[in-house]
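What follows is one chain in C-alpha cells, specifically the form predicted alone.
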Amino acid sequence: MSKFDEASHYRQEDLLKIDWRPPKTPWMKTPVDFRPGTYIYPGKAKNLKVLDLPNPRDWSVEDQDWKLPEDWKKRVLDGMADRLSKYRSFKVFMDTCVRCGACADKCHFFLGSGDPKNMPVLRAELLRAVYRKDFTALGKIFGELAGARELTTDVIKEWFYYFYQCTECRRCSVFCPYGIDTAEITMMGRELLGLLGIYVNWVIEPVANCYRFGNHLAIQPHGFVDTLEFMADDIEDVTGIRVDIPINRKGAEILFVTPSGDLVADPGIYTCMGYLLLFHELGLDYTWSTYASDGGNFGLFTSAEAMKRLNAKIYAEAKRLKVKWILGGECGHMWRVIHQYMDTLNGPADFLEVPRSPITGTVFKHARSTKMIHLMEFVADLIRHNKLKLDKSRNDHLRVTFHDSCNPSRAMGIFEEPRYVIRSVCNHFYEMPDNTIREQTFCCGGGAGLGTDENMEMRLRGGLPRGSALRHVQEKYGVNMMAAMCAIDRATLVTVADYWAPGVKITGITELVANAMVFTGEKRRTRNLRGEPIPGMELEESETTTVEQGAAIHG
C-alpha cells in the first residue's frame, strides 16, 4: 500500500475536528490511548543485537507486558543521574521552566491533535515530574503537591508515546523566554528509554543498517555504484551528456556526502541527478564514497553515542581518501549534527583544510572547525560569481514556494542562500506566511524518525500547519511546487502536500538548478530531469524529431 493510499484512510473533515478541551482527569491520571495510526512499531530484537543495545526482544506496543528488565527502574534513574551530571543543559532545562505556556501552541503536533501532552511544556513535564520526585528535596517531601511523580511502567509507556510524537524540530524553543530546548529533553527521554531496549524500528533499523553498510537503507557498495550509473543513463537520455562518477578516488580535493534517500526516493533522485550534472559541468575535483555513503544521521534520534559513531565515518573516510574538505548535499539532520554536535562528539577536523571553492576562490571561514559546507552555500556562491549559465525560463511552468527545513534553517541558520538560489533559477517564487517560515518554520511532521506509514494519523496531524500554509499560497498564487533542502522533508512532504494541498509537488533545490542550467554540449532540452516535457518546448521536440526522421529517409 502506498503512502497516499494509507493517508486516504483518514478523512480531512475527521482530522480537522480537533477537540481543544482538556481531559476531565488530571494529566498525571489520564491514560495513554495507543490507537493505531498514532504510534510506531518497536525496534526489532535483531537490530538491537547488531548495535549491542540492552534488552533485545520482540514485543508489541499493545502488549500489557513490555518485557522490561527486572531492574528497569534503577536503570532509568541511574541513567538520569548520569546525564544530569554529564550535560549541564539537561539540569538547567529540568530546573528553569516556569510553565508560562509560551510554547504551548507552537508545536505542530499539538496544533494538529489538541492533545495537551503534545504541548512542549507538558511533554517535557513527563520527564521533569520524575526528576522532581527523585532528584529534588521538594519533590521527595511533598510529592505530587510539588509536581513530582513516581516512575511506573505506565509512565514509561507514556514517555514512549509522546517522545515519539516530537520531531525535535525546536520551533518551541524559539518562543521560550528561558531558551529551553525541548528537543534536547526529547533526546534525553529517548536515551533513557533506550536503556530498557525501547526504541522505534523506523529509527533503530536505519542506525543498524548504517553500522553494517555505511548508510541507512542497507545499500551495498555495488548497489550504490549501480544506482549512480542508472542515474547517469537517465541524465544522458534527457541532456545528451554523459556525466563522470568518481568513486573512492584518493587524492580528490572534495569528498561529497549526501543522504541515502537521494539515491532511491522520489523526488530525491532528481536532486541527486542535479548534483551529478552540476559537478560534471564545473569539472569539480571530487569523489563519492561507498563507505561514507550516507550523510544522514539517525543517531540524532537515538543517542549521543550512536550520533557520534555515524558522524565519525564521514571524517574517517575523508582522512583515508586524503581529501582537503567535505561538501554535503541537501540534508537536514546531517547538518544539525555537523553544526551543533561535531566538535563535542568527534572533535575539530584538524587534518582537513578550511573549505575553499576551487571555482570562485571563496573561503568558507565559518566552517573552519567542521571543514564541511552545505551545497546551498556552495551553489549560492557560484551564482553570485556568475559561474553558472542559467535559463530561468525553463522553470517558468513552476510557481515555487520554499519550505525551511528545521535542521539546516532553524538549527544552522541557512535562510537566505536557498532563497537566493531559487530566485536565480525561477521567475515565479512566493513565500508562505511569515509566521510559518525561517526561524518560525513549521516541521514536515515526519522528521526525527517519525516518517513511517503506521504513524500516518499523527504524521497528517503534525503536517497540518505546514499543509495549511502551503494550501494558502496554492490558492493565492497558484503555487504548484514546494522546494526543500532536506531528504526527509522531500520524502514526507509528498504525503503532506498530497493530503492537505493536492496538486502541489515537491522538489529539491538542485533539481531546479540543473533544469535551469545550460550545459556545455547539451542537446536541445525538451524534457526536465523527471523526463517530463518542458512546457513550450514540445513543438521544438516535434520539429527536431521530424528533421531527424527526414535525414534518415534521405540518407
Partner chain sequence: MNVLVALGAAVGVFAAGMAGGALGLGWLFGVVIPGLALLVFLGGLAVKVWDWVSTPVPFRIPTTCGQQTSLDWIKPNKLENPHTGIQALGRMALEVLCFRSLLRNTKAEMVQGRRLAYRTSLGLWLGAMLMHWSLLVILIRHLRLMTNPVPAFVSFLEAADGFLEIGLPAVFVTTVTFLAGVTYLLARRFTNPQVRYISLAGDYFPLFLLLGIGLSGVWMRHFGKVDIAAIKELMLSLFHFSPAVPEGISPVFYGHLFLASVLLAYIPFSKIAHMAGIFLSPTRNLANNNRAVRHVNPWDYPVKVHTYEEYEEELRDKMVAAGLPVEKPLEKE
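Numbering follows the first chain given and starts at 1. No experiment lies behind these values; they were computed from the predicted model shown.
Beyond the structure shown, there is the form predicted in complex with its partner chain, which is absent from this document and is the topic of what follows.
Student: Quick one: does H374 come within 4.5 Å of its partner chain in the predicted complex, counting heavy atoms only?
Tutor: Residue-level check for H374: yes, a contact with its partner chain.
Student: Answer for S85 alone: is it within 4.5 Å of its partner chain in the predicted complex, judged on heavy atom distances?
Tutor: Contact check for S85: yes, within 4.5 Å of its partner chain in the predicted complex.
Student: Determine whether any heavy atom of T30 comes within 4.5 Å of a heavy atom of its partner chain in the predicted complex, and answer yes or no.
Tutor: Contact with its partner chain, yes.
Student: Given that the partner is absent here, does R132 sit within 4.5 Å of its partner chain in the predicted complex, heavy atoms only?
Tutor: Yes, R132 is a contact residue.
Student: Since exactly one of G413, G240, G283, G251 fits, which has a heavy atom within 4.5 Å of its partner chain in the predicted complex?
Tutor: Of the candidates G413, G240, G283, G251, G413 is the one lying within 4.5 Å of its partner chain in the predicted complex.
Student: Please pick, from Y161, F175, W72, Y430, the one residue with any non-hydrogen atom lying within 4.5 angstroms of its partner chain in the predicted complex.
Tutor: Residue within 4.5 Å of the partner: F175.
Student: Any idea which of 194 to 202, 262 to 270, 317 to 325, 445 to 453 reaches within 4.5 Å of its partner chain in the predicted complex, heavy atoms considered?
Tutor: So the stretch in question is 317 to 325.
Student: May I ask whether D105, L145 and E184 each come within 4.5 Å of its partner chain in the predicted complex, counting any non-hydrogen atom?
Tutor: All of them do, each having a heavy atom within 4.5 Å of the partner.
Student: Check each residue of 106 to 124 against its partner chain in the predicted complex and list those with a heavy atom within 4.5 Å, in sequence order.
Tutor: Heavy-atom contacts to its partner chain in the predicted complex: K106, F110, L111, P116, M119, V121, L122.
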